[in-house]
Every structure is written in C-alpha cells, then in structure tokens.
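Below sits a lone chain in structure tokens, taken as the form predicted on its own.
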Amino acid sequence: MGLDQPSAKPHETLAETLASDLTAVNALIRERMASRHAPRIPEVTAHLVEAGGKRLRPMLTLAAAALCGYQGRHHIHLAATVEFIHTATLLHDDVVDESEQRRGRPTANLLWDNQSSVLVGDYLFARSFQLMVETGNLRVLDILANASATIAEGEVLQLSAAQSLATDEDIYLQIIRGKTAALFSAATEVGGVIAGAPEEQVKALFEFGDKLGLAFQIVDDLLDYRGIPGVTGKNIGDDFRERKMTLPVIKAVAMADDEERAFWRRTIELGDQRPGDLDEALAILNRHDALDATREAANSYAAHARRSLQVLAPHPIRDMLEDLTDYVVERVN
C-alpha cells in the first residue's frame, strides 16, 4: 500500500475517490451548523469540524452507499448526520474528561467554557436528527438513534468502570463499542439501508463497521503504551496517567501476582502515582505479554472486518475498505 507515501494512505485514497460527495457533505455541514440567533454555535462547531479531522465516519457512510450502488442524494444527509453526532460527542467528551487539547488545538471548553461545549453539542445532536428525518427512512432513524443511545450509555459506563480493577474485557468491549464502534457500524449500516441493499449485505456492512471500530479503538489504546509520540500525536502513558483501564492493563491485571495487583490498585484505583511508575507499568505489561496480546486482539477484529466485506461484490471501494482495515492495525504491527 506504500504507507510511507502520504498520498497513498488508504483513507486519503478513499477521500479522493469520494471527493465530490465529501464536498457536498462539507457544504451541508456548514449550512446546518449555522444559527441565526446564537453566533457562538457556528464558532464552536467550526473550531472542531474544521480542525483537520479525516472525516472517516462520514466517508464510511458514503463508501457503503456507493458499494451498494446507491444513486440518490440522501447518503449526503446521512454522512453529515454521522459527522454531527461524532462532533457532538467530542464536545461532550472534552468536558467530561476536562481535556485541554484535541487534534493539536485547544479544546472548545478551554477556549469558550463547559456550558458552551455542552449546549453546542446538544444543538448538533438536534441537527443530526433533523437530517435523519429528511431522508424519510424510519430504519436509518432507528439505527442512528440507537447508536446515539449506545454512545451515551458507553460513556456513562466508563465513568464507573474506568478506574476500577474489576473492569474486565467484557466491560471494556462494551465501553469501546459505545465509544467508537457504535458510530462506525451505524455509519456503514445506514449506507447499505439507504441504498436498499439486500439484508445480507446490510448485515455485512454493520459487521464490518463494528469490527473495524473495535480494532481502531484497541489500536488507539495500545499506541498509548507502544506508539511513537511524533507519529501518533499521543504521549506515551497518557492513559496510565489518567488512570484508564484499557485492554493492555486489563490483561496485565488478570495475570497479576499480589505485588503487581497492589501496584495497579495504588496507581489506577487510588491515583497515587510516583516517579518511575510508568516504567514499572511498562515492565509489568511486557512481563505478561499484555501488549502483544492486545495487538493480537486488534488483528483478530480487523480480520473479522475484512471477512465481512466478502459478502459484497468485488468493487474498487471494497478494496479500499480492506486496505483501510489493514492500515488501522499496521500502526502497531
């Protein structure tokens, strides 16, 4: 795939292929984020929407619709809907997490305030439902409404589970399904539904989005311990410092002896972190091969995602989605 060549990255190739549709999506986003009465709404929204994100989720909707031969225009509405939902959740997440930076820029809650971030996020959720309704398709409304509920449910679950050693892999998967995979799977599923694709293909698109989303988030969590900061944009150990029970730690805790468990309880549950603790955490993770096991989990979900696409007819976009899946996990292989 020539991953060393920026222009050959799969998400960029997909964006070039879908360029005219993406232009229409961006125009619709700009139109619908406007507000006659509250100019702060487009200010806050533009800060995040125009911050250089890859538009991966709306691209998945456009790609799924194209893959199923859709000829209408409602996929533009659905792609904009997906991006609005994603942006709304980011605004809310940054308030909950007290974040100060996103995509290399100060967060909206830091530049404005928490109230503005929460309320603008609410506005974008409302706009997303208006866009869904305009398609006249109750099934896509059901899919995206359920995804929105799952996202919120996952965030609430994370509040209670993030810093508890009782958090196991099943709970972790439930959290990341809400955090990431629910919107990925909804994005691909609605593309098939709006195209009127056979049920087998719609199910395959859902499976692809779900498993790609899980692999994507697991890789992201693994990069926190194994990534290269200048490449990933993350500092090694941020999740550890924020006391997050991500999959590498969950796997290490499951194999911990009494001394190691006491270490995890002090650093994660009690938040008593001292100089040298990150190095000790990395040593424990490597001792139990937790990082390699996490990488294998991501590879397994990615392989499942690729298999799901085989239900769909051969198509250049199908090849691009397969390449995208490979690219997601090759960041840690």
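Each residue number is its position in the shown sequence, starting from 1. From a predicted model like this one, the values you see are computed outputs, not experimental measurements.
This protein has a second form, the form predicted together with another copy of the chain, left out of what is shown; the following refers to that one.
Asks: Within 4.5 Å of another copy of the chain in the predicted bound form, do we find a heavy atom from each of A195, L214 and Q310?
Replies: No: none of A195, L214 and Q310 comes within 4.5 Å of another copy of the chain in the predicted bound form.
Asks: Could you work out which of E207, E260, E153, D168 is the residue within 4.5 angstroms of another copy of the chain in the predicted bound form, going by heavy atoms?
Replies: The residue in contact is E153.
Asks: Using a 4.5 Å heavy atom cut-off, which residue among K251, H86, K179, H92 comes into contact with another copy of the chain in the predicted bound form?
Replies: Residue within 4.5 Å of the partner: H92.
Asks: Given that the partner is absent here, state which listed stretch (251 to 259, 69 to 77, 130 to 138, 218 to 226) has heavy atoms within 4.5 Å of another copy of the chain in the predicted bound form.
Replies: Result for this chain: 130 to 138.
Asks: Quick one: is S35 in contact with another copy of the chain in the predicted bound form, heavy atoms, 4.5 Å cut-off?
Replies: Contact check for S35: yes, within 4.5 Å of another copy of the chain in the predicted bound form.
Asks: When the contact criterion is heavy atoms within 4.5 Å, does Y123 count as touching another copy of the chain in the predicted bound form?
Replies: Taking the distances in the predicted bound form, the answer for Y123 is yes, it comes within 4.5 Å of another copy of the chain.
Asks: Counting only non-hydrogen atoms and a 4.5 angstroms cut-off, does Q174 reach another copy of the chain in the predicted bound form?
Replies: Output for Q174 is yes: heavy atoms within 4.5 Å of another copy of the chain.
Asks: Check S164 for me: does it contact another copy of the chain in the predicted bound form (non-hydrogen atoms, 4.5 angstroms)?
Replies: Contact check for S164: no, nothing within 4.5 Å of another copy of the chain in the predicted bound form.
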